[in-house]
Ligand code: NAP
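Given next, in structure tokens, is a single chain: the form predicted on its own.
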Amino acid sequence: MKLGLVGIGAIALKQHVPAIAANPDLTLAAAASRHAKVDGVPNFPDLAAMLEGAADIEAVVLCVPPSPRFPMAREALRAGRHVFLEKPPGLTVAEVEILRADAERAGVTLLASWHSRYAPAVETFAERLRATRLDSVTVNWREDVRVYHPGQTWIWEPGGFGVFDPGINAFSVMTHALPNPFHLTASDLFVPQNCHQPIRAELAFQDTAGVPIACTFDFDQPDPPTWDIVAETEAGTYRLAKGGAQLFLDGQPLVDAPEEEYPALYRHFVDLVRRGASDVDLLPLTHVADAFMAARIHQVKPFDENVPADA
């Protein structure tokens, strides 16, 4: 299957291009970006030019920020191409519902990708939690925005998601691994005075069995990052660490494997296309929307990318 990749940033070059190259069922046939290029393939300034100049591509992978993604996805779907959406799948829940309907009408595949679900320890974590009583969950998803989004001012604009850009990865794991559905009970968002999006979020949830879930998302932690989900259970304390690469039970390692999230995602995409199916799970995005809708907003000091993260 010939793919066109749109939005050539750090994630596209570090994750998507190698994952496509490693999959024998895929060929990267074209790229589109206003600012960057991929070596060895035709490069175009935008999606429209790519669809015209590389008419044989069968699928489009969108790695652009969420704000401009909706019209691009509609353009690709209406042109009869399968579409792979980098996370988050859209700026709003309603947008993605429209894209789902567009894909169904066009008879093509739409994938709302959640790469963190494919981290090597996530499935074992989910299986272990289903087999015991869950008492509480604590989520710490902290990193330095200066390291992971250097110079990317769009992340602070309306629709940029702020700290929920990484935080939605935690939601994608939680909605897959926790045994019961959960809902928001409190949301405190901390927004720098010169930004429109939060740099930190303190969130409380409860699942349908009454289990409390506490989340802290922080964009101002010095490296190394903390991407942990800790579950207190009848069987002991499980800690899913490094975004899902490691799993511990009472401090003893159960899983520690190299990252293979994007190769697994692309295998899933190929399988969906072969089956004529789509995969559009909106729960992680819904939890982000709820966090904004029920938020208490707290203004904090202005963000300055040139000032190191708080210790």
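We number the residues from 1 along the sequence you see. These numbers come from a predicted model, not from an experiment.
There is also a form predicted together with this ligand; it is not shown, and the following applies to it.
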property	result
Answer option from V280, A54, V255, C63, heavy atom within 4.5 Å of this ligand in the predicted bound form	C63
Segment assignment from 281-289, 238-246, 34-42, 266-274: heavy atom within 4.5 Å of this ligand in the predicted bound form	34-42
Contact of Q152 with this ligand in the predicted bound form (heavy atom, 4.5 Å)	yes
Partner proximity in the predicted bound form: D218 to this ligand, non-hydrogen atom cutoff 4.5 Å	no
This ligand contact at H176 in the predicted bound form, heavy atom, 4.5 Å	no
4.5 Å heavy atom contact, A295 to this ligand in the predicted bound form	no
Non-hydrogen atom within 4.5 angstroms of this ligand in the predicted bound form for each of P158, R200 and K301	no
Heavy atom contacts to this ligand in the predicted bound form at 4.5 Å, residues of 73-100 in sequence order	E86, K87, P88
